[in-house]
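Quick setup: one chain, the form predicted alone, written in structure tokens, and binding and motion questions come after.
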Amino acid sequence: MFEELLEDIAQKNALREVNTYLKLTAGLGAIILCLLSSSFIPPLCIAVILTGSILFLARVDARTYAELFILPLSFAVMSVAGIILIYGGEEIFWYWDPAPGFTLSITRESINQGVYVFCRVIGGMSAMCFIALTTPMTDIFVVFRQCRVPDAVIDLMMIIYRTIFILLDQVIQIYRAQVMRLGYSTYRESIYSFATLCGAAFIASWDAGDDLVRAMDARCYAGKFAILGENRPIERFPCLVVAAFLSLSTLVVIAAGTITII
């Protein structure tokens, strides 16, 4: 993901020209429906639809999308494993009492709850990835300003967002230089190189912040950054697609009710 940042993908994807409000409505609406669902089926359906949209409509590389999912998916698996073992319930499939006052068990209720939470995480993550991979932050900043978010808040977000890329660029350059000098050849060298990397990145980010302040003063910064994003017109076909997606997802949420996996 170093060589291909999310912002680059968002700038080049096939849904780049779709109105920002429509993409945000689809993503945020999907997140809300995942939270409102009482069954594992609606979040799973939402995840499948949005994943298909990302891969086939936005034409995002499948490997990049899978790499983006690895970290949250690992956290979700660990959380679900804990839920299944400690949630409890009446119909017990497996039981273990390793110590007094500490019991592990797998029940029908814990399995249903674990699957439900896992599907909600997958659905919500798919919606977040849809927004991140199809909508550049510059366009989102335009939406924030049109929604009358305070200028100080928008400027702070823009500074933080810019600093992330500066810090990431410094980390990449330092890491590559360390690799070329065999800085990670042994475990001891890896620990030393990583510590050096963290210290150098902190100093670089501090210097970048000072440079930004001087540049803002030189340009007579008066409390408001210029935003260069675009706000495209709302076209009929994308609007109908988003409305159909949200309507279908709402019907699935209502029809699924409280269906469980077992």
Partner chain sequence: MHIMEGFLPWQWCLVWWIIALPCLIYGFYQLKKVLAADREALPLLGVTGGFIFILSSLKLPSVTGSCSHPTGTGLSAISFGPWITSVICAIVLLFQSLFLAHGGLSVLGANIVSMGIVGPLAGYTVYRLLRDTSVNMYLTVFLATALADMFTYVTTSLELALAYPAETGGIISSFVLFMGIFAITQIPLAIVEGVVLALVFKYIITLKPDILIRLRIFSEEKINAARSDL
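Basically, rigid core = biggest C-alpha set you can superpose within 1.5 Å across the two forms. Numbering follows the first chain given and starts at 1. Since the model is a prediction, treat every value here as computed from it, not as a measurement.
Another form, the form predicted in complex with the partner chain, is not on view; read the next lines as being about it.
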query: Interface residue in the model of the complex among Ile106, Cys129, Val142, Val115, criterion: non-hydrogen atom within 4.5 angstroms of the partner chain; finding: Cys129
query: Of Cys198, Leu55, Val48, Ala66, the one that lies within 4.5 Å of the partner chain in the model of the complex (heavy atoms); finding: Cys198
query: 4.5 Å heavy atom contact, Asp61 and the partner chain in the model of the complex; finding: no
query: Exercise: Tyr192 in contact with the partner chain in the model of the complex, heavy atom 4.5 Å; finding: yes
query: Partner proximity in the model of the complex: Ile160 to the partner chain, non-hydrogen atom cutoff 4.5 Å; finding: yes
query: 4.5 angstroms heavy atom contact with the partner chain in the model of the complex for Ile41; finding: no
query: Members of 136-156 lying within 4.5 angstroms of the partner chain, judged by heavy atom, in the model of the complex; finding: Met137, Ile140, Phe141, Phe144, Pro150, Ala152, Val153, Asp155, Leu156
query: Yes/no, Glu91 Cα shift of 2 Å or more between the shown form and the other one with rigid core fixed; finding: no
query: Threshold 2 Å Cα movement between the shown form and the other one for Asp169, core superposed; finding: yes
query: Cα displacement of Phe56 between the shown form and the other one reaching 2 Å, rigid core superposed; finding: no
